[in-house]
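In structure tokens, the next block holds one chain alone, the form predicted on its own.
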Amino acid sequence: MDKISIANLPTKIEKLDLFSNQSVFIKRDDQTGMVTSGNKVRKLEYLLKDAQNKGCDYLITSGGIQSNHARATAAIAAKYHMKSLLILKESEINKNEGNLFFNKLVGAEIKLVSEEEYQDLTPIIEEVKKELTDSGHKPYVIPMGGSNGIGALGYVEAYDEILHQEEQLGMVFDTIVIANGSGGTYAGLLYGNKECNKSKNIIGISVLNQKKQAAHDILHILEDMNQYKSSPNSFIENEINIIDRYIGLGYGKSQIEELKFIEKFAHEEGIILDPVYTGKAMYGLYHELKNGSLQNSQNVLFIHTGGIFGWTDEKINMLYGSI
């Protein structure tokens, strides 16, 4: 399937010094762009092309108030002279900061919905689609996180990119670790793993759902991906490796020990993680390795999926207090 090239690729791979006794590397997908940084742009390259092929002029998507995916969608819509409408879940703190600020800066329309409404967005999406269609527009709906069969193709491509980089580095990663939210990034990597007849251990450290629900969502995306492949693959739940011990207080909610770890990581590596996705996932990886839970993992690759703008005033104050 065709795509539009937006991201700065390939993203580099660096050795991490924090894990002095283990071979752990990081793939810098946080450097795919500026406001389009992170993993979302790889998915949006395919989704945007599909939208253009269908003659659409409006992108509709959804997420939390500080959604990285919503911010990347809004920025890409502006770049390609399209409009965007973001359906965002209201928060106790709706400040014009972080991703919400960038959404407004690039001209996105924002519709805030309650937590209850957010549980089933179908009626709201259908309503805004009808309004836009009636006013002469042709909207294109992108699911939360860009996580569907089309979007996940971006991480099949990323898997191939990693294989080429292994050749350049003269080594093989037996384990790939990511933060898992809506499941599209994980699904793409797992699909690439099977498609290339490899046996890498793809680990998703959940920041959103418990293992059972996360696996269910990923299986749905994997099934959807088959319609875009000439040789479909089948998957079972046991092939999906989700660790759900580090969700903490819940999606987007931080604990001081998580933030302190992110600070320690920044001090030692000069790399900034975000408190919603990569911070929790790296915190989880650190403890899994420390506890000996990944003894069969000799060469580990962690994918930094971006999210820097998730550092809002609330989370900064948790770490350092107000000035």
Ligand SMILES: Cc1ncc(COP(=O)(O)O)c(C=O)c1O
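Owing to the predicted nature of the structure, the values given are computational and were not obtained by experimental measurement. Position 1 is the first residue in the sequence shown; the rest follow in order.
The discussion below concerns the form predicted together with this ligand, not included here.
Interface residue among 175, 84, 182, 193 relative to this ligand in the predicted bound form, by the heavy atom within 4.5 Å criterion: 182. In short, of 253-261, 36-44, 49-57, 289-297 it is 36-44 that has heavy atoms within 4.5 Å of this ligand in the predicted bound form. Although the partner is absent here, residue 277 lies within 4.5 Å of this ligand in the predicted bound form, judged by heavy atoms. Remark: residue 103 does not count among the residues lining this ligand in the predicted bound form, judged by a heavy atom distance of 4.5 Å or less. Residue 68 is the sole member of 68-85 found to place a heavy atom within 4.5 Å of this ligand in the predicted bound form.
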